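To begin, one chain is listed below as structure tokens, in the form predicted on its own.
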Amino acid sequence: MIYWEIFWAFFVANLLGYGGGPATIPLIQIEVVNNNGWMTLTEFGDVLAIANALPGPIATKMAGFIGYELGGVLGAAVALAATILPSALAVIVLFKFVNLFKDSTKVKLMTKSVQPIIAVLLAVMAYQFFLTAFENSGMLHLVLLAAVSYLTLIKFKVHPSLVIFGALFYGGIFLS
């Protein structure tokens, strides 16, 4: 029964996750944390941080890890299949219609109208992570990590995965 639940959670999240990884992350969070209670928000944030630091599509990395945690190798395979299936089906079924509607102003407007919704979903998720970080590590560590991360990303143009690894290292030393 757990395999069906894993499949359904990741299938729905990726079916509705228009635009790929960033749009899918809040939907995966809702399924994994809120609806099924498989992880806490803190655990989900840790998985997200590690998945962001690794190369490749974020949704598949998260699906593989969460699926493995819930159901072993078969759980990982089920979660990965459910993550990939909506896009694969859409490409197969809708491919012939792409050329017909690629210049349609209505299709372009529909695509642009989804962008604010994705931004709100990401903002809500960032706010929830902020609250969790504040509760778990305190204001001093939160402000310090935010300031150092901002400087390294914006001023020194350090790759985000290195910043994430640095924050993981800092947390392992000072917050454990």
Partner chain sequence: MKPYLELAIGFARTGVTGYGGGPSTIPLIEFEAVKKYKWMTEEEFGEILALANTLPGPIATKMAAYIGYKVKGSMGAAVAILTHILPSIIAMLALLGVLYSFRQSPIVSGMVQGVTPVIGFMLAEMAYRFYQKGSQGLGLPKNLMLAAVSLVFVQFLEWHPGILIAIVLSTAFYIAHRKEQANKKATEEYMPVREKSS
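Numbering follows the first chain given and starts at 1. The structure displayed is predicted, hence computed values, not measured ones.
Below, we refer to the form predicted together with the partner chain, which is not included among the displayed structures.
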Does the 4.5 Å heavy atom contact test between I84 and the partner chain in the predicted complex come out positive? yes
Check: Taking heavy atoms only, is L80 within 4.5 angstroms of the partner chain in the predicted complex?
Finding: yes
message = Please tell me whether any heavy atom belonging to A59 falls inside 4.5 Å of a heavy atom of the partner chain, as the geometry stands in the predicted complex.
response = yes
- is_contact(G37, the partner chain) in the predicted complex, heavy atom dist at most 4.5 Å: no
Restricting to 48 to 64, the residues within 4.5 Å of the partner chain in the predicted complex through any heavy atom are L48, A49, I50, A51, N52, A53, L54, P55, G56, P57, I58, A59, T60, K61, G64
